[in-house]
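In structure tokens, one chain follows: the form predicted on its own.
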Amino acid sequence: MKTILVTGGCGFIGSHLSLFLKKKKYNVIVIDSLIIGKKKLFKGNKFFKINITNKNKLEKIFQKYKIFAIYHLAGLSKLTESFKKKALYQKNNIQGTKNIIELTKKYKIRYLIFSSSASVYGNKRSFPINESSSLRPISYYGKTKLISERLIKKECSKKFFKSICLRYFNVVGSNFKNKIGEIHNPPIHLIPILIKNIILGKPINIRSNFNTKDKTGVRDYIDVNDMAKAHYLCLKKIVKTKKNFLALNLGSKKYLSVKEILRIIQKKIKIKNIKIIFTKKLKGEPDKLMASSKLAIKILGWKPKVNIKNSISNMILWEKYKLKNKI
């Protein structure tokens, strides 16, 4: 049984990935600071509460286990917060990644799969966005992801290890059967906020000064269960490929505006009258994020299968479960 290390494995994506890898018979070691992640989302074999900025504690895991591959998902990810707390984001996202890179080299681990972001592209005018698009992040968070990608690529060019950097677009959904989904109190992402407020009969805020057809942001939505499979297929591919470094978009071509998402939620919950407060977009928010995932489909043999309506249905179940159980 090969051992896989998942950093940030108690987060939204990390928990789904850990469960997927465990079902594939890997020994999944999860480390998480629990600053963002929640212990109740742990789905691996062993858990260690460690911050990736603490290199000494981190190294003890590398010493104890013979690690076959690393999925590096740990990091801070709030766009607007990143401008106000640059030092914190530099420490967690850049220095933390440096620690992972140095230990990957030192312990001669051959495979590193990194959680990057569509934020590395910035505000584009031509769509869909492919991997050859210019990289001009407009948030400090996006800059930390781009710097991390470049640090990884540099070491890959020296053939210390192989890596695939996955540029996530908007990740949605849940695995309600296994009781894993997004947990933030209060919610920080669009769909959980909309669902929770609609269920509770509270007003909802919609930012409406984007340069789009209906004035709300347009995003590419991809289900977290499709994401988990893509990560798994990366591991299968990276072992066989001759390339030392790849950057791949993970999106679904489900390009929807906030107003379109709201209509789907309303129809699912069957509530017509909602009080909407229109506000301005936040600093660092692009008008559109629409991915081309042709490269990932070609290289990984992967194709997203879960449609946005099913993703939202699962999220509604999850949000109702959280409210009922006061999670």
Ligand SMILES: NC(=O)c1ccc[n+]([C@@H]2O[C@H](COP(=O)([O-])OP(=O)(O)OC[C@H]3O[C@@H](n4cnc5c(N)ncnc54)[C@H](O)[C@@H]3O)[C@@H](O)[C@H]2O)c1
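Numbering starts at 1 and runs along the sequence shown. Keep in mind that this is a model prediction, so the values were computed, not measured.
What comes next is about the form predicted in complex with the named molecule, which does not appear here.
Q: According to a 4.5 angstroms non-hydrogen atom cut-off, is Ser252 in contact with the named molecule in the predicted complex?
A: Ser252: no contact with the named molecule in the predicted complex.
Q: Wondering, does Asn27 line up within 4.5 Å of the named molecule in the predicted complex on heavy atoms?
A: Taking the distances in the predicted complex, the answer for Asn27 is no, it never comes within 4.5 Å of the named molecule.
Q: Counting only non-hydrogen atoms and a 4.5 angstroms cut-off, does Tyr168 reach the named molecule in the predicted complex?
A: Although the named molecule is absent here, Tyr168 would touch it in the predicted complex, with heavy atoms inside 4.5 Å.
Q: Since only the chain is shown here, I'm wondering whether Leu73 would be in contact with the named molecule in the predicted complex (any heavy atom pair within 4.5 Å).
A: Heavy-atom contact with the named molecule at 4.5 Å: present for Leu73.
Q: In the predicted complex, which of the listed residues (Ile13, Leu19, Val306, Ile316) lies with a heavy atom within 4.5 Å of the named molecule?
A: Selected residue: Ile13.
Q: Looking at Ile36, Ile265, Val258, Ala69, which has any heavy atom no more than 4.5 Å from the named molecule in the predicted complex?
A: Residue within 4.5 Å of the partner: Ile36.
Q: Partner absent here, but in the predicted complex, which of 275 to 283, 59 to 67, 291 to 299, 45 to 53 has residues with a heavy atom within 4.5 Å of the named molecule?
A: It is the stretch 45 to 53.
Q: Establish, in the predicted complex, whether Gly8, Ser115 and Lys145 all lie within 4.5 Å of the named molecule, using non-hydrogen atoms for the distance.
A: Every residue of the spot touches the named molecule in the predicted complex.
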